[in-house]
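One chain is shown next in structure tokens, namely the form predicted on its own.
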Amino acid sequence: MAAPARWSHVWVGAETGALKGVNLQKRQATNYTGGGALSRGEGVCALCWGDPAETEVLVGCLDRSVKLFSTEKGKFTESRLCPGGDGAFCGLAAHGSTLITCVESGLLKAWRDNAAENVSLELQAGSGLCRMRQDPAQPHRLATGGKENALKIWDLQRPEEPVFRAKNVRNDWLDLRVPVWDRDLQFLPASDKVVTCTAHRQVRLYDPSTPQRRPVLEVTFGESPLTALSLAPGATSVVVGSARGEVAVIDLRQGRVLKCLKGFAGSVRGLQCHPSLPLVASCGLDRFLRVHDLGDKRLRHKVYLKSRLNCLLLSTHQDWEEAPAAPAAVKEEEEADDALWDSMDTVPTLQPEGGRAKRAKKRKSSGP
């Protein structure tokens, strides 16, 4: 099973507790479980890479266990329990050999090793959390946000207080307070900016480098709560998905909707853009994994995965769209077969005897 796991382009977490590796070229999905029967109590709610080489996948489950899946071996190799706090995981991250977990009650922990008591850091980010994300450029920086829990940016080297705490927008035109409910967020590369999407249909851009704690840009999209967000290649636009299956690309420079992607039939739970290719992968409650081209909005791949899907993880290798190379032994055998066929003489096609006799009789009867 190692080869299919290594050639998977997308990893998807299902409510049934299965980790699904999908090879898009073959339209083939393989289920991986930690052993035993599938259970919704072990549903996958968070995924992240365990190492920069993308050979390990960290799988966060509803029973508060974190499993380590090896893409090289094609199986789960480790499992650990991460107690503390309440609710499901709303984020996982890896910083070197340290595992970082965050749950809905707001408890964020950094674990040094497999022992449950070896916690190197613990902080409270506030209740009602919906998402915790790590800054890819600075792994020691984290961002959190949730229901009535505005965006906060944390530095694990100084965990006493957040280095940035967002301020709610001003009251609406009726002078009523605007509710806060951040559902997803993402760091912008090469900057301190963070973009969020909310359950009240807003996409907001924050810039902690300025004195302003309120968003510097706000865009409203659709008629349903926004549930997922991913930064498009180039970091000038963002892809958002809603609870009704609406997916759109929003320009962060001009604050407008650039295009909408079609083909969805249910709530979007996971979105991820390829960092260099114009592709975005999505999954949700309609049980389909989809890959769209951000250039022409075309649906490139669509795979039915049988279970309701919660999250996904996209392989970021440049050649992920290409078919996997055949093993060297198979290549040598194919080349030997080609050489054998090339060395054979071509046999001319022979006409049936009866056909030649009929043509000769016809020429004789039609003579001068």
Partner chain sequence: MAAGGQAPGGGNMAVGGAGPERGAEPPAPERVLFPPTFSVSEIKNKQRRHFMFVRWKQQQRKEKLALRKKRRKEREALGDKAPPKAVPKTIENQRVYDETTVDPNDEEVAFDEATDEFAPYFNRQTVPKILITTSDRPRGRTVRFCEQLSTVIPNSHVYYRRGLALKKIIPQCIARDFTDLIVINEDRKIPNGLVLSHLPDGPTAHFKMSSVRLRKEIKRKGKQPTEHVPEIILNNFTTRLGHSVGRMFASLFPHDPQFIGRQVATFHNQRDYIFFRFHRYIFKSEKKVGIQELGPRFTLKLRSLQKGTFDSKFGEYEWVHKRREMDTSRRKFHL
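Positions refer to the first chain, counted from 1. A quick note: this is a predicted structure, and the numbers were derived from the prediction, not measured.
Although not depicted, the form predicted together with the partner chain is the subject of the following passage.
This chain appears without its partner; in the predicted bound form, the one residue of 192, 251, 104, 286 with a heavy atom within 4.5 Å of the partner chain is 286. Shown without its partner, this chain lists 199, 82, 294, 130 as candidates; in the predicted bound form, only 199 has a non-hydrogen atom within 4.5 angstroms of the partner chain. Annotated contact segment (heavy atom within 4.5 Å of the partner chain in the predicted bound form): 241-249, selected among 149-157, 241-249, 131-139, 84-92. Judged against the partner chain in the predicted bound form with a 4.5 angstroms heavy atom cut-off, the residues 39, 225 and 305 are in contact without exception. Within this chain, residue 31 lines the site of the partner chain in the predicted bound form, having a heavy atom no more than 4.5 Å away. Contact between residue 234 and the partner chain in the predicted bound form is not found at the 4.5 Å heavy atom cutoff. Although the partner is absent here, residue 26 is not a contact residue: none of its heavy atoms lies within 4.5 angstroms of the partner chain in the predicted bound form. Taking the partner from the other structure, the partner chain in the predicted bound form has no heavy atom within 4.5 Å of any heavy atom of residue 9. Although the partner chain is not shown here, in the predicted bound form the stretch 245-283 places heavy atoms of 245, 246, 262, 263, 264, 265, 266, 267, 269 within 4.5 Å of it, in sequence order.
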